[in-house]
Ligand SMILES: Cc1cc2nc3c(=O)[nH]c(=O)nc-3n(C[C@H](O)[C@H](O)[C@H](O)COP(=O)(O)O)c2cc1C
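Below you will find one chain, with nothing else, as structure tokens; this is the form predicted alone, and questions on how it binds or moves follow later.
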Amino acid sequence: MTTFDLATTDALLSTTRAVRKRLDMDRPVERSVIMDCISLSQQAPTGSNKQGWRWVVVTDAEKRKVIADCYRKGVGDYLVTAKAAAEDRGASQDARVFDSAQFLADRMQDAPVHVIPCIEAGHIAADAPRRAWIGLGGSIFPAIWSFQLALRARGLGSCLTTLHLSYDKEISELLGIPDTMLQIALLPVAYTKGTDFKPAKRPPAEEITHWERW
């Protein structure tokens, strides 16, 4: 029987954060590290075992700049407005998150690697039932999370973002992504400045869990 070091496993699961300000924008990331993490992500479960994932990895500076510009257009004034609203209601943690997100938006092009996970979606009609789209997302998000955990275990960080998707057609044209593939997210990837991440403040499990019925 395989046994795991629970302390190490629990630390990995509870301290894999959305990293923004602590991404080391100046340190190169080896191609082999990215490929190792993608390889591990392939062990994630998928609906009907279709494994329709594809990963687009971008290191070219000019392409990263175009992607970052699309991301910032997608952001608009959302983060500034959201931060102000959080400060008004005294939600200091939320305000820090929005401030961190703005930092990332401003520096997105500097992240040494952009990773765009995609999934085959040509078989799903635009007006398909909600369960079809939920199933599609459920078929790739476990792989994305496995990728992020693998990065964390190797001293790298990432942040799952989606605000570039307002301009997914432009990015698909830039990167040659086929029309049958659906972009799911944009992950800036870099080594982290330090590895001493801590669990975030979350509500107790007892407050969000319902047994037998709601």
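As the structure is a computational prediction, the values presented were derived from the model and not from experiment. All residue numbers refer to positions in the sequence shown, first residue = 1.
There is also a form predicted in complex with this ligand; it is not shown, and the following applies to it.
A heavy atom within 4.5 Å of this ligand in the predicted complex is found for one listed residue only; from A143, V115, I119, A101, this is A101. Between the options A91, A132, V97, V80, the residue in contact with this ligand in the predicted complex by a heavy atom within 4.5 angstroms is V97. With a 4.5 Å cutoff on heavy atoms, T162 counts as touching this ligand in the predicted complex. When this ligand is considered in the predicted complex, R202 lines it closely, a heavy atom lying within 4.5 Å. Though the partner is left out of this view, R22 does not reach within 4.5 Å of this ligand in the predicted complex, counting heavy atoms only. Under a 4.5 angstroms non-hydrogen atom cutoff, this ligand in the predicted complex lacks K193 among its neighbouring residues. Stretch-level contact analysis of 33-41, 162-170, 52-60, 149-157 against this ligand in the predicted complex, using heavy atoms and a 4.5 Å limit, identifies 162-170. Contacts between 13-28 and this ligand, taken as any heavy atom within 4.5 Å in the predicted complex, involve R17, A18, R20.
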